[in-house]
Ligand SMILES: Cc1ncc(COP(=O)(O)O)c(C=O)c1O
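Let's start with one chain on its own, the form predicted on its own, as structure tokens.
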């Protein structure tokens, strides 16, 4: 037997290709996983009083939808609860991306975006981020959109995985207006928006009610294992996505939704604590880069990623260089090339690791940059 032909368009995640072979004792700076404790309110919510663990509506628990709506300044009918933000993205792509069309996405950008487009029968089309700090470049995105009449959707990621770059309100507004004028679905992946350094990135909802915002409790609320995400937008955009998500998974796990509700209800405290944890880790990383490599670095606009410039000698084969770091230095980084050609000269370093791991990881990396 042969698998479905659509799978021939997909490749295993390059992130997993690097991390799955991690040797014992390696410093894990690859995956974007919080290393601080799951907040107590979520732990308690998972241990509810005795009672049934029933199915919930495809759209999610009403109380959770209300809480997410309040967080985003939306109406409850504008919220769809999904199995992680990736469940929201998959459902939106399957519902709105017609086979044979094209989907615009950032380069460098999250590795799942091209795969989601291909599974929908579409072609991924990259648009470059700004040359200075990999931020949203409205001129470049609109240029690519004008050159792509077959576009069915555009995806943003603010702030960006892997670069940490954000975007300003004016740029976001121009992009939203361009997509609205062309009848193209605009999706803004804002899963890292609440892990910011000073100024919070604008949301798509700050400039329009025509697109769809996706997010989850995985990053800012520190609970990736719950697999609870959501889409927020016009109910007309969400209705067919709800059908897809319902047939794919029936609904997001009920206990996970209880815990997500508790997290969002305590957002003010939990998000502040998460930013403090990320800030502490950034300070440890910045000090280590200064002490070991003489590098003065500025924090990203958001996320817990440092898009680290590779030595020039590594640009030809960044994957081989990162595999060498993994196997010899025992430090896991993700080559920027995994996120698109625009990331070739960089590697993504996750500073969600503990401060001790960050200091030791940079110490181990330093000889490979110096030599």
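The shown structure was predicted, so the numbers you read here are calculated from the model rather than taken from an experiment. Positions refer to the first chain, counted from 1.
Heads up, the form predicted in complex with the ligand isn't pictured, but that's what we're talking about next.
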> So which of 219-227, 260-268, 277-285, 118-126 is the stretch with heavy atoms within 4.5 Å of the ligand in the model of the complex?
Replying inline: 219-227
> Just one of 237, 110, 197, 90 has a heavy atom within 4.5 Å of the ligand in the model of the complex. Which one?
Replying inline: 110
>> Given that the ligand is not shown alongside this chain, does residue 301 nevertheless sit within 4.5 Å of it in the model of the complex, heavy atom to heavy atom?
In response: no
> Heavy atoms within 4.5 Å of the ligand in the model of the complex: does residue 134 have any?
Replying inline: no
> Does at least one non-hydrogen atom of residue 191 fall within 4.5 angstroms of the ligand in the model of the complex?
Replying inline: yes
>> My question is simply whether residue 86 lines the interface with the ligand in the model of the complex - judged by any non-hydrogen atom within 4.5 Å.
In response: yes
> For 146-178: residues with a non-hydrogen atom within 4.5 angstroms of the ligand in the model of the complex?
Replying inline: 157, 161
